[in-house]
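Listed next as structure tokens is one chain, alone, in the form predicted on its own.
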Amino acid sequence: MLPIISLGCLTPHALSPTLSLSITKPPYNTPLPPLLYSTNPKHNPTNTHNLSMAVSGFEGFEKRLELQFSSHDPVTGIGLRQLDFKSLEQVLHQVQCTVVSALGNQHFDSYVLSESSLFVYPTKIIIKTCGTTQLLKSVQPFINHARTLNLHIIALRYTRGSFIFPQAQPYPHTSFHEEIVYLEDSIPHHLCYRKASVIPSKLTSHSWHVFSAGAVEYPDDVPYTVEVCMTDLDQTLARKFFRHPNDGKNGDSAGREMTGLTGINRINPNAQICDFAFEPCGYSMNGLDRDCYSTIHVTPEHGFSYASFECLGSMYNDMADMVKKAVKVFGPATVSVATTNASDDVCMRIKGAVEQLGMKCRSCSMDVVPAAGMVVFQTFTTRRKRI
């Protein structure tokens, strides 16, 4: 069994380009190339599309990609966790983001990115990125890297909400149609069970986009996931995610302070947390609880404020209670919850938990997609208008 990794939250300047978190050796003090590093995702020098986005606002809604792999060898070992940091860095460069902090345990490695998060399991990769990143450009590189480890892809799922600033998105994210075409051209033919779906809601600005493909139509061992998107955050609560000018803190220490100040550390007290605060504002965290991840990302600016909470379902935790705690941290006017492959009971308990915060469920839509199962999309709004 791989020993527990306890490297702490490492900034890029503490990680070596040749260091993989699955290897238990100390990090070197070799900085990443300056071109790849930005402490503020809203001003990432690798992303030229941020120039057009600055006119409108920062896009909080993430794009999420999950890749599942398998091996003909029944003993996979640490699998994808063997990928060295340089290989991951090259893929992220194509996506237009970079690593700002990292933490791993005996089950998986997690990376906080300049735009959201990356999780690497032995046979699974989950990456979600916000802003004007080009997430789908990671599909083929990840498949190619996995092939060098004798791993072949068996399932892919891409999900996202409705962009706040769709006109700022670069190719291939200019429309859901373009994303589908790009994915169809990027994945191998043996992922023959495919479906693209836009799950609507009664809120015209909120719908859930899903593309799923698999070698098997409905596998038995797909864990359930919960993706929560929140907009129009309470301004008082959102201010907690702004840093004071010249506060003398780095991203790690400022992030740790925000985690405690906002109560994020109480959402799942069992989780190890790797957090990071951006300048002048914004926050990201990854939580590690045994083999389950959770992640939060915050864009607090008024007018396009946004926060997300995502978690892998677990028998160890009360998912409805965690969602309730996460929503309470931000006090949003609008919430959407997408659950994938969750039971009816889990979906109903999440609905009840959000409604306990004074929100009303406005719609509940669903669809069945291959290689993932039932996707349920619920939307909520506050019962009363804010003064």
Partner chain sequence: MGGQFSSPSPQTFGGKVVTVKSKEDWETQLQNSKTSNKLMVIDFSASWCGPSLFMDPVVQDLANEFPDVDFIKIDIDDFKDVADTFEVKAIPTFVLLKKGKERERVVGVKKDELHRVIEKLRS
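Here the structure is a predicted model, which means the values were calculated and not measured. Numbering follows the first chain given and starts at 1.
Form predicted together with the partner chain: not shown, discussed below.
The three marked residues, Cys229, Asp232 and Val327, fail to reach the partner chain in the model of the complex, with no heavy atom of any inside 4.5 Å. Interface residue remark: Ser110 is counted as part of the site for the partner chain in the model of the complex, having a heavy atom within 4.5 Å.
Of the heavy atoms in Gln134, none are within 4.5 Å of the partner chain in the model of the complex.
Using a 4.5 Å cutoff between non-hydrogen atoms, Ser101 counts as a contact of the partner chain in the model of the complex. When the partner chain is considered in the model of the complex, Arg256 lines it closely, a heavy atom lying within 4.5 Å.
Put simply, of Phe85, Phe176, Phe211, Phe241 only one has a heavy atom within 4.5 Å of the partner chain in the model of the complex, and it is Phe85.
Put simply, of Ile78, Val216, Ile199, Leu203 only one has a heavy atom within 4.5 Å of the partner chain in the model of the complex, and it is Ile78. Residue heavy atoms within 4.5 Å of the partner chain in the model of the complex occur in exactly one stretch of 219-227, 311-319, 232-240, 269-277, and that stretch is 269-277. Of the residues in 126-159, none comes within 4.5 Å of the partner chain in the model of the complex through any heavy atom.
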